[in-house]
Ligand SMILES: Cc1cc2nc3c(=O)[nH]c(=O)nc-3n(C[C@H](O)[C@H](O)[C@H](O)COP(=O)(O)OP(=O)(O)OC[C@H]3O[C@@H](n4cnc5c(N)ncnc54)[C@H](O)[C@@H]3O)c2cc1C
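Form predicted alone, single chain, as structure tokens, below.
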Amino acid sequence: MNINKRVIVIGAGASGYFAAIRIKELCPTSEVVIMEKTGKTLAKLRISGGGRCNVTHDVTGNAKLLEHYPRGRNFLKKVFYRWGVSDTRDWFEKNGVELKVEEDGRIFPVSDSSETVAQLLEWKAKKLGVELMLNSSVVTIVPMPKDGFYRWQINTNTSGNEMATDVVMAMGGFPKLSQYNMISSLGIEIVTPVPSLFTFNINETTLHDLHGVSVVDAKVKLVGYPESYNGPLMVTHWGISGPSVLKTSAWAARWLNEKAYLNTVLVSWVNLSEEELRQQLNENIRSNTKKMISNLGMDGVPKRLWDFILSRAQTPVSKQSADLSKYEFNKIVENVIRMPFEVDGKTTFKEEFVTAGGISLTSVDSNTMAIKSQQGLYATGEVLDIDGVTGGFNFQAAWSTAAILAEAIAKQ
């Protein structure tokens, strides 16, 4: 076979594998090599979604899809027009991975196992002839003279080097700015990374005692930040977590970083307006005047949480509903709909770490994912200053950016 290009993909994650596969699908005569610094492939994909792999999200229309990206929305307009959710679903299902849509819109393999997705990508790459080089950490990416066949020399930690006509940077996001030095040395602008998608640490033992308690539609509001975010919320051993918290952390990532992750958060345990809550609570009391307030409860609020709310409201759990004072009633309402906690730090999960930051999108052509200042150099996935909220959106950005650059490389 006459090789017309040699492409090196740096990183054996989701975007790297998908880029390599799509390049070979579109241009079978190309030689494609994935270089991975560790001895494992698709490590983050395998543990994502609780080991189930949240492949993408069931969203109707790109306008709605773009609403889930705190950073990169404008850039992704063209990208998603070329490769959207339906393209992702079609590709996986045509390649044997049956998908299902859950009630909240998240899309998983029917097998409920990330191994189904990982094994498909590994098998497909191998079948197409993609070469895999493990334990090959790239040290420098060096441009070659313009008159030669190869445009890039890749130097590794083993003192060896690989030549390439095209290079795809798919190494994922890094938590420290210094970890982007190899990229910035090529004159590529880097947006300082900060964590995104993290849980809130709250140093309150009485809250920790509720660990495992969850509500399905809470509202989370950071004092001083303009927006609030809804979704499930769970109490943990160290504070609060769940989609509503993760969504808040993503949108407010830089704001919270500037605050050193110290701030007051207001939690509404129910998705009701104050007027609706007062009406519901009044009706409940009128219908159950002889019930102890502890047994009154509220729809969607677990018993342990209800007792915690009463304690916060300084209301005796043994008091009868009919004897509730106006002050106690107002305190209960306040703690149901605006319970304050002091956030004292964050907790991120190393394997599922997502950053806000990376390669500045002003350096990248959204039509091709090529670095504007460097011929034959591309970027995909979380190495870019793109991040989505939890729910399969970061994977969708990975599949889409990889697909776009593969098409561009194949057309050369």
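Position 1 is the first residue in the sequence shown; the rest follow in order. What you are looking at is a predicted structure, and each value in this text was computed from that prediction instead of being measured.
Note that the form predicted together with the named molecule isn't included here; everything after this is about it.
Engineer: Are all three of A14, G49 and G172 close to the named molecule in the predicted bound form, meaning a heavy atom of each within 4.5 Å?
Structural biologist: The answer is yes; A14, G49 and G172 each reach the named molecule.
Engineer: Hey, of 360-368, 379-387, 60-68, 22-30, which bit sits against the named molecule in the predicted bound form at 4.5 Å between non-hydrogen atoms?
Structural biologist: Looking at the other structure, the answer is 379-387.
Engineer: Can you tell me whether I10 touches the named molecule? I mean in the predicted bound form, with a 4.5 angstroms heavy atom cut-off.
Structural biologist: Because a heavy atom of I10 falls inside 4.5 Å of the named molecule in the predicted bound form, the answer is yes.
Engineer: I'd like to know whether L324 contacts the named molecule in the predicted bound form, with contact meaning heavy atoms within 4.5 angstroms.
Structural biologist: Judged by the heavy-atom cut-off of 4.5 Å, L324 is well away from the named molecule in the predicted bound form.
Engineer: Any of the heavy atoms of Q375 lying within 4.5 Å of the named molecule in the predicted bound form?
Structural biologist: Looking in the predicted bound form, residue contacts with the named molecule do not include Q375, since no heavy atom lies within 4.5 Å.
Engineer: With the partner left out of view, is T165 within 4.5 angstroms of the named molecule in the predicted bound form by any non-hydrogen atom?
Structural biologist: Looking in the predicted bound form, residue contacts with the named molecule do not include T165, since no heavy atom lies within 4.5 Å.
Engineer: Find the only residue in T236, N263, S136, N201 having a heavy atom within 4.5 Å of the named molecule in the predicted bound form.
Structural biologist: None of the other options qualify; the answer is S136.
Engineer: Find the only residue in M182, M144, L177, V216 having a heavy atom within 4.5 Å of the named molecule in the predicted bound form.
Structural biologist: None of the other options qualify; the answer is M182.
Engineer: Within 4.5 Å of the named molecule in the predicted bound form, counting any non-hydrogen atom, which residues from 308-328 show up?
Structural biologist: Heavy-atom contacts to the named molecule in the predicted bound form: nothing from 308-328.
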